[in-house]
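In the block that follows, a single chain appears as structure tokens, in the form predicted alone.
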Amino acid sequence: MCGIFGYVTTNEVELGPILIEAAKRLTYRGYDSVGAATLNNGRIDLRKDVGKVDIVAAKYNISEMRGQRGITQLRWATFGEPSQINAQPHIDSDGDMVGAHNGNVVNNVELREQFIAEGMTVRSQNDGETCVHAVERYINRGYEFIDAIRLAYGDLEGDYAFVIGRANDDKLYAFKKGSGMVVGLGAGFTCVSSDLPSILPLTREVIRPQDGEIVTLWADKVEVRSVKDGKQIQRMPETVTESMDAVQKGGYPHFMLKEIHEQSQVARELSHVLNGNREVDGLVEKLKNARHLYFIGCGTSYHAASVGAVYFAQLAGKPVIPVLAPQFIPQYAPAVSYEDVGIFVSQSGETKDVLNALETAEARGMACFGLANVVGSTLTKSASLCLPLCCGYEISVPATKTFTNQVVTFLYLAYKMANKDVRELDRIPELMEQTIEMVEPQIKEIAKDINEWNDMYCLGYGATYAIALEGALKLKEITYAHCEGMLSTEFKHGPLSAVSRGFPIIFVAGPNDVPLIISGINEVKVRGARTIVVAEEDARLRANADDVIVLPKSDPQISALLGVLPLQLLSYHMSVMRGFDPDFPRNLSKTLTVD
């Protein structure tokens, strides 16, 4: 999410075109606003606004900006709605420093309060400005710039990369914690960015700073130092040989595969943001006191809501009604009132069916909250409170990381409802990484075996029922095969007649549901089905199923979440084997804004 770029050269030059082109090469990361700042002869020129790069650049004549150093940023909102004041870069209280970041500073609210109390001029709600003031705080206390950065690093919690410059200086400074950052070395210039695409047209000689490192950029050299002790670190540059297209996709052949692999990182960032959100406790109290509780969504978001409903019942003893947004209006809306609470779920925040349901619920007085990935969307503005999903831009049409972060959010809320220690959820990102590493080679082989089939079933039970629905949807979306998701115990009530020799049936089994799933396996296996089970290691499953795709050990709720990862990978690899583009399946759109 977001994208930053900084550039340092020897003499005053036209930096505007360089900054605009760098920004354009970062647009694939997603953004809602854009800004640029140049520094020259003790002066900072800052221009920014909400909108696309070309529109903002034309409106503010960014191409005319000159200087020795420049910073540009594309913002994907998390803290503070999209607006000119929240757009980046940001200046310090006196206009002597300017900086921009990508990522999330999760103690943003607390730090802003401290800075205001210390007499600083805080202009926005954005955590990028918080990064600037975090350095300013220690400059005001008399520290040298590198030491001020080292101390600010200790104050800033979360995952971010940050670049900052001073008006009366010839350098830029950058540091990172958790988010990506790359430094480029060119003839007569250096540059720094959150990602390679903005650098490669300028130079292919790069240095990759690590977490806890500070980079100082002059026009002819860079210097890397440790945040811990300030000592210099020697790091040799490397030459990048990949194409621009490969770099944008992180070396993956498709954005979908890249986004599958990004799920652990965005889950980690989401956990940080939820832990730092002061409004979560108030939301949890409203959920506890609701007469009836509804989770409303469409497609993938409805599947996440259905998983969340099981979590709430299992962990907090709170019944929830998950419902498809259009059906909410005739089936439940006439009976709801101010005593009821709804959580409306949408990746884009613009899903028309969800917004229709929200409007109807609000008219009945129901308390309405939201989950959305796009801050500033209609849902985030209409709901009483909307929690951000913190996934950044999801380019591939099939939802992957937005689904898992929706599920993680519901699991987090269920833990809070049950007064369980949410720190137990910190292991989810690592478990996601382990899962993908463990299953992908086996998934590729299974995909080859079943790829000839255009009909199959995906079955689950409890929390894995909705996971099976989501896995089936992914297979439909990008392989164009008919895969039906179903409650495993319902299969014998009719669909069993479809089974023939080799017919693929996928089971997603929770740790507590193995005996029931074994019954389902055998009722189809004796009729010739190819049985594939996604589950934790279990000798009973090994003895009964044709294939067991093993998940790492966790607990029933986390295991259900992990179970979707092999299904995402299976759909991806089958799609590619069939010669389809999984990023842009036929007939589908990322955001559905029609009834």
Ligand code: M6R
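All of these numbers come straight from a predicted model, not from anything done at the bench. Start at 1 with the first residue shown and count on from there.
The next section is about a form of this same protein that is not shown, the form predicted in complex with the named molecule.
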item: Residue 346 within 4.5 Å of the named molecule in the predicted bound form, heavy atoms; value: yes
item: Exercise: residue 398 in contact with the named molecule in the predicted bound form, heavy atom 4.5 Å; value: yes
item: is_contact(residue 301, the named molecule) in the predicted bound form, heavy atom dist at most 4.5 Å; value: yes
item: Partner proximity in the predicted bound form: residue 473 to the named molecule, non-hydrogen atom cutoff 4.5 Å; value: yes
item: The unique member of 464, 351, 194, 435 whose heavy atoms fall within 4.5 Å of the named molecule in the predicted bound form; value: 351
item: Sole residue of 477, 513, 159, 213 within 4.5 Å of the named molecule in the predicted bound form, by heavy atom; value: 477
item: Listed range touching the named molecule, judged in the predicted bound form by heavy atoms within 4.5 Å, from 500 to 508, 292 to 300, 515 to 523, 360 to 368; value: 292 to 300
